[in-house]
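Next comes just one chain, in structure tokens: the form predicted alone.
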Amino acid sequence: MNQTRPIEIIGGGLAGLSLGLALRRAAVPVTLFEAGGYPRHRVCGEFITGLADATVERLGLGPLLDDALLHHEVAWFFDGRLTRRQRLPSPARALSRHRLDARLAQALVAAGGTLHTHARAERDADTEGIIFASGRRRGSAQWLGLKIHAHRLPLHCDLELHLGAESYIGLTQVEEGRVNISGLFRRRELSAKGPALLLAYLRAANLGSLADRLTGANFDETSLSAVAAVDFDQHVPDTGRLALGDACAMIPPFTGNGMAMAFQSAELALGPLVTYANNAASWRETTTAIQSALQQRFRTRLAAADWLHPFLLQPPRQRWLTRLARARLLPLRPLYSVLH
């Protein structure tokens, strides 16, 4: 009888952990290498839209997401004023990465997976049985992501999205009365540190009213996270290696779909990898099938997000977007369906 082939996963974010957990439940040997540890904070909107119940069930995520808050409405702000409230076509889940990643890691180990934290594993791209889920590829773009949690900060609705000059920022409630504040900004030479850095970026982006509102907020400074040189993808690139999650393709954060895409990429990879592990397909056949499935699943979504993204960042286009929204001429539901 042929022995089950093992799988190694480089990177312990949502894609890597959920795939490793699902593979272990299919009796596939899994070793995962993560450069950091758990729990930890990450730059993330922590707002999951477009995640189907079928994906949750197939990956066995139900018990890990059961207590996620369910959000139903988004409020858009421009020039500090409420522009439009949007009812989401389906509820979105909100749960911090600090909690979710740690739960996934614990579940992987409990299922018999081997997890190496604070460990980097160097592997060739063409090595059989290796999955790269190590997060964002560093680019040359002048974008900066910032995130911090605040305690008991009143919100106008489930999710607030504020448009600023070459920037946008979202506020959403997660567990234990925390509010996740996460934004994308054009990088600037600012000398502030800690929460003051976020406030300085808000003021530089003409979001002074939001900065005033957040001044004096009860911030959890341990949650402050930043990521620089953020680039976004127009399509799933062929990198010559099997990559999942943000390592596969990075979508602009305004869609609220990056977390769902991480889980969806794990779901798409699961079946072919189980077939490979059971000696029923070659590695080349497996990687080709997964790459094709990723491209087909995310092609339209990434292209639509790339087209829409400038309207969220450039003030002249923001004004047109705002006028359309106020006149209720913006096709929000069709856009939502394309982006998810």
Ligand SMILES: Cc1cc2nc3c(=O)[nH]c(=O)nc-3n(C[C@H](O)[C@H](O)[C@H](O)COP(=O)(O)OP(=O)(O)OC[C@H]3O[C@@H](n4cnc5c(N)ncnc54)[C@H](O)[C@@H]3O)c2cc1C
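All figures in this text were calculated on a predicted structure; none of them were measured in a lab. For every residue, the number given is its place in the sequence shown, counted from 1.
What comes next is about the form predicted in complex with the ligand, which does not appear here.
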**Asked** Quick one: of 202, 171, 108, 244, which gets a non-hydrogen atom within 4.5 angstroms of the ligand in the predicted complex?
**Response** 244
**Prompt:** the ligand isn't shown here, but in the predicted complex which of 113, 195, 135, 129 has a heavy atom within 4.5 Å of it?
**Reply:** 135
**Asked** Which of 71-79, 203-211, 175-183, 150-158 has heavy atoms within 4.5 Å of the ligand in the predicted complex?
**Response** 175-183
**Asked** Should residue 189 be classed as touching the ligand in the predicted complex when contacts are defined as heavy atoms within 4.5 Å?
**Response** no
**Prompt:** Quick one: does residue 264 come within 4.5 Å of the ligand in the predicted complex, counting heavy atoms only?
**Reply:** no
**Message:** Although the partner isn't part of this model, could you tell me whether residue 141 comes within 4.5 Å of the ligand in the predicted complex, counting any heavy atom of the residue?
**Reply:** no
**Message:** At 4.5 Å between heavy atoms, is residue 15 in contact with the ligand in the predicted complex?
**Reply:** yes
**Heavy atom distance at most 4.5 Å to the ligand in the predicted complex, all of 298, 311 and 321** = no
**Request:** Determine the residues of 96-123 with a heavy atom within 4.5 Å of the ligand in the predicted complex and present them in sequence order; the list may be empty.
**Result:** 97, 119, 120, 121, 122
